[in-house]
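Let's start with one chain on its own, the form predicted alone, as structure tokens.
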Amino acid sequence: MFFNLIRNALEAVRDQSERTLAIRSIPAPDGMVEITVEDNGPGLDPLIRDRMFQPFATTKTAGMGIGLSISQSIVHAHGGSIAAESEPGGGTVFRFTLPRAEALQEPEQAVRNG
């Protein structure tokens, strides 16, 4: 999943004279962590924006259009969410949440201590 988002970002900045890719994580509510993958490419294509997480949706000449659908399935299977937005002036930010490791361990620790 990370590989797919990073590869997409690298492809988006390929033709930029200055290329930026940033990956960040911050704590989120309810035992989650929010991860962002940001680039300074051209932004989301309006023709695909509303269906980019659907299987076989793509604007690429080479590609099957299943990477974001699979990424969404993985995130949802772990109880998280994923979204994308274009940045004003160009660029795209993908944001997704996943449970923090300590949040996953809490029930097990409670059983051991309980």
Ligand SMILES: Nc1ncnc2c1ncn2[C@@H]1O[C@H](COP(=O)(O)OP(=O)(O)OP(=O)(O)O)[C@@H](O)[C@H]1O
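In this text, residue numbers run from 1 along the sequence as written. The structure displayed is predicted, hence computed values, not measured ones.
There is another form of this protein, the form predicted in complex with the ligand, and it is not shown here; the text below is about that form.
Enquirer: Report the residue, out of M32, I74, I66, I82, that has at least one non-hydrogen atom within 4.5 angstroms of the ligand in the predicted complex.
Expert: Contact residue from the list: I66.
Enquirer: Is there any non-hydrogen atom of F94 lying within 4.5 Å of the ligand in the predicted complex?
Expert: Although the ligand is absent here, F94 would touch it in the predicted complex, with heavy atoms inside 4.5 Å.
Enquirer: Within 4.5 Å, heavy atoms only: does L98 come near the ligand in the predicted complex?
Expert: No, L98 is distant from the partner.
Enquirer: Would you classify H78 as touching the ligand in the predicted complex, given a 4.5 Å non-hydrogen atom cut-off?
Expert: Looking in the predicted complex, residue contacts with the ligand do not include H78, since no heavy atom lies within 4.5 Å.
Enquirer: Indicate whether A28 is a 4.5 Å heavy atom neighbour of the ligand in the predicted complex.
Expert: So A28 does not count as contacting the ligand.
Enquirer: Determine the residues of 43-73 with a heavy atom within 4.5 Å of the ligand in the predicted complex and present them in sequence order; the list may be empty.
Expert: Sequence-ordered list: G43, L44, I48, M52, A57, T58, T59, K60, G63, M64, G65, I66, G67, L68, S69.
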